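As structure tokens, one chain now follows by itself in the form predicted alone.
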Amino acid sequence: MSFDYDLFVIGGGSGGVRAARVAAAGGAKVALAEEDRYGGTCVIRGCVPKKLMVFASEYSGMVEDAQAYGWSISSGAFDWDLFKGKLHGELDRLEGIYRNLLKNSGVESFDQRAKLADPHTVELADGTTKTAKHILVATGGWPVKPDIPGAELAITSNEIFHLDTLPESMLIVGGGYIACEFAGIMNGLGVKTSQYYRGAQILRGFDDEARGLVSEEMCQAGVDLHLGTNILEMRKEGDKIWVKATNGDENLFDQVMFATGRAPNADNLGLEALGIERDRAGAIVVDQYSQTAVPSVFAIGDVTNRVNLTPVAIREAMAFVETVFNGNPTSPDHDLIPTAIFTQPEMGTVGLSEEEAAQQEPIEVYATSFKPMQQAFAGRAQRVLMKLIVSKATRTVLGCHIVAPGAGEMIQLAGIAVKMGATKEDFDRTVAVHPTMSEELVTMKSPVRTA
């Protein structure tokens, strides 16, 4: 049977574009459909604009530090309109690059929604159908709002980059990395920022000591953080939003943002009719090769809810192309993935938390916390943390956790060592780079505790 295409990709984010491009470069006939903007969550409403906002929000502290170092400069007001214009210009530029990458690879693009009609047929929004030998679903995830009265008054991370004006006061609901990153951003931009999280501590799933320090420093920096607190209801009151919390507080805010989780974007894709299974979270169920229960249909990225990170979606895309088009069955490696959270202070982590490691085997914990030279000289009392979790039996470094300015840059390199299976003695044998913060990773001689 002949098909219109060898591969039809649904979704033009990081994973979908990479799979389409690489398959086409190898000679496959490829098409891709995207109903919104090319570049997906990461480029358009995620990591890229978020990191630019983090940079913008850090300059207020830098001006204060510069004064302490003898510079006679003063901080003016932050111009949201100027920044927003440049931000959207940059996102437009990046989207153009994604479109060109597809075009130059010979991928045919359809700027409309697509769904599955049968195992080899895709139906576009305009009613036309296309057939393909293989179909790849890479539709990503989408923020979800809790079901409470007035929820429609709140924004999500999708809308935060499009605010007409910077609010004077803002409430962020949630305790994951998106909530915490935006609490730091808004606080740094001069917004009176509150954060409610229903749990006992922010950043659930990360190392307890590391997240405790991030929480403490966020509060020190001026974020009004309320743990064990959730929202009961909201309503419009004049220009403001009235919010009632579970602790009995009633407050008015200019903006409320929900960062209470993301759901796989897999509704109304025609999956159920084909017998493609979805789990309780709504994610498409795939095997180790990203293949669904229907052999011709594969899925990668956040829609599969495995590890929801851009570089992981890209690796899943590469493994998919290797498996399907290069005849080399390749399973994406989800083990020991280094990650950074762009909270203020920043956090980088790879491997197991102290809590996870202690449940699995006897461990030693090496940790040091101190005030870095640059900030200490300026009189800012931000603490940093360097921490290694080591197996007693094998001496392998099971986890590395850093809370410090530039933690993301550090964890990328520490991640290589941990991924290679480095032991504590490998770290010890490495000469320190002085004076740096990261040298502490190789100079910790005795464990602070064992478990």
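All residue numbers refer to positions in the sequence shown, first residue = 1. As the structure is a prediction and not an experimental result, all values here were calculated from the model.
We do not show the form predicted together with a small molecule, though everything after this point is about it.
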Among M186, A179, V297, V286, which has any heavy atom within 4.5 Å of the small molecule in the predicted complex?
A179
Tell me, out of T330, N230, S105, T156, which residue has a non-hydrogen atom within 4.5 angstroms of the small molecule in the predicted complex.
N230
G175, N308 and T339 - do all three of these have some heavy atom no more than 4.5 Å from the small molecule in the predicted complex?
yes
Contact of F253 with the small molecule in the predicted complex (heavy atom, 4.5 Å):
no
Heavy atom to heavy atom, is K240 within 4.5 Å of the small molecule in the predicted complex?
no
Looking in the predicted complex, any heavy atom of K50 within 4.5 Å of the small molecule?
yes
Does any part of R198 reach within 4.5 Å of the small molecule in the predicted complex? Heavy atoms only, please.
yes
Segment that reaches the small molecule in the predicted complex - one of 254-262, 370-378, 162-170, 75-83, heavy atoms within 4.5 Å:
254-262
